[in-house]
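Here we start with a single chain on its own, the form predicted alone, put down as structure tokens.
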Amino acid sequence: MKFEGRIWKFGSDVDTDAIIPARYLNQSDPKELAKHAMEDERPEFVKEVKPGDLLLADKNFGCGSSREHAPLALKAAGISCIIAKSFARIFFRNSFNLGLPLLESPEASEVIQDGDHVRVDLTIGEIEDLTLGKKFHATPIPPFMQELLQDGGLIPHLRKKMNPQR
């Protein structure tokens, strides 16, 4: 799986309330949630993010509550992949369950800048900053998790496994 797009860079300890403010948690429609993704952190984000863009962060991205609304809002906003030094474990699991790939790369997190154009290859764990002309490495996503992502997340993956004729 490969992705290419603009980088939206954020700092450390971005919690789920920053990703999707709690005042919007009375809804679960991904399109509605996407309209408010990161709005308190960077108000221009929801107006300017484009399908395929990538999010880059420092350490502990997605900390805070265990709500699935956070990765769902980012995915629905068009984010194709998130790269960070590290992720909160429950956010990590929720993201893959919803079909949103994550890569951990401390080096990429430090060097890549907001607005850079990046290409990611999940199969080999390669992150290429096309703006800087530099490559970085992350732990490749295991094949079974790539399959889960290709199927659109855990629920569609399980449906496919239960009904292989479809």
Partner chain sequence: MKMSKPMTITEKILAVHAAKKAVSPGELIEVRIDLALANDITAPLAIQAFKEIGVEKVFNRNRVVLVPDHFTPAKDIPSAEQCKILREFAKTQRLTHYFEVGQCGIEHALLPEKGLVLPGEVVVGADSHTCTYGALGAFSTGVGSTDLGAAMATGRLWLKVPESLKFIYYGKLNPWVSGKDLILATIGDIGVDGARYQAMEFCGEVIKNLPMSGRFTMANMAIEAGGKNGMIEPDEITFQFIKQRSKRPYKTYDSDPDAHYADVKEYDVSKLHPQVALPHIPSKVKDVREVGKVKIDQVVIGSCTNGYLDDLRVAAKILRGKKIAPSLRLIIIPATQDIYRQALKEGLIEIFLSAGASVSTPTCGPCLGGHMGVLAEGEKALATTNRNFRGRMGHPNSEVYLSGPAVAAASAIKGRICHPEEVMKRRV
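Note that the rigid core is defined as the largest set of C-alphas that superpose within 1.5 Å between two forms. Residue numbers count along the first chain shown, from 1. Note that this is a predicted model, so its numbers are computed, not measured.
What comes next is about the form predicted in complex with its partner chain, which is not displayed.
With heavy atoms only and a cut-off of 4.5 Å, decide whether K2 touches its partner chain in the model of the complex.
No, no contact at 4.5 Å.
Using a 4.5 Å heavy atom cut-off, state whether H36 contacts its partner chain in the model of the complex.
No, H36 is distant from the partner.
Using heavy atoms and a 4.5 Å limit, would one call A76 a contact residue for its partner chain in the model of the complex?
No, no contact at 4.5 Å.
Should G64 be classed as touching its partner chain in the model of the complex when contacts are defined as heavy atoms within 4.5 Å?
Close contact exists here: in the model of the complex, G64 approaches its partner chain to within 4.5 Å, heavy atoms only.
Check each of D114, E32, D40, E107 and return the one that places a heavy atom within 4.5 angstroms of its partner chain in the model of the complex.
Exactly one residue meets the criterion: D40.
Heavy atom within 4.5 Å of its partner chain in the model of the complex: which residues of 125-159 meet that condition, in order?
Contacting residues: F144, M145, L154, I155, L158, R159.
Please determine whether the C-alpha atom of A22 is displaced by 2 Å or more between this form and the one not shown following superposition on the rigid core.
No, because once the rigid core is superposed, the C-alpha of A22 moves less than 2 Å between this form and the one not shown.
So, superposing on the core, is the move of I155 at the CA at least 2 angstroms between this form and the one not shown?
After core superposition, the C-alpha of I155 moves less than 2 Å between this form and the one not shown.
So that I can tell if Q146 moves, could you say whether its C-alpha shifts by at least 2 Å between this form and the one not shown after the core superposition?
It does, since the Q146 C-alpha is displaced 2 Å or more between this form and the one not shown after the core fit.
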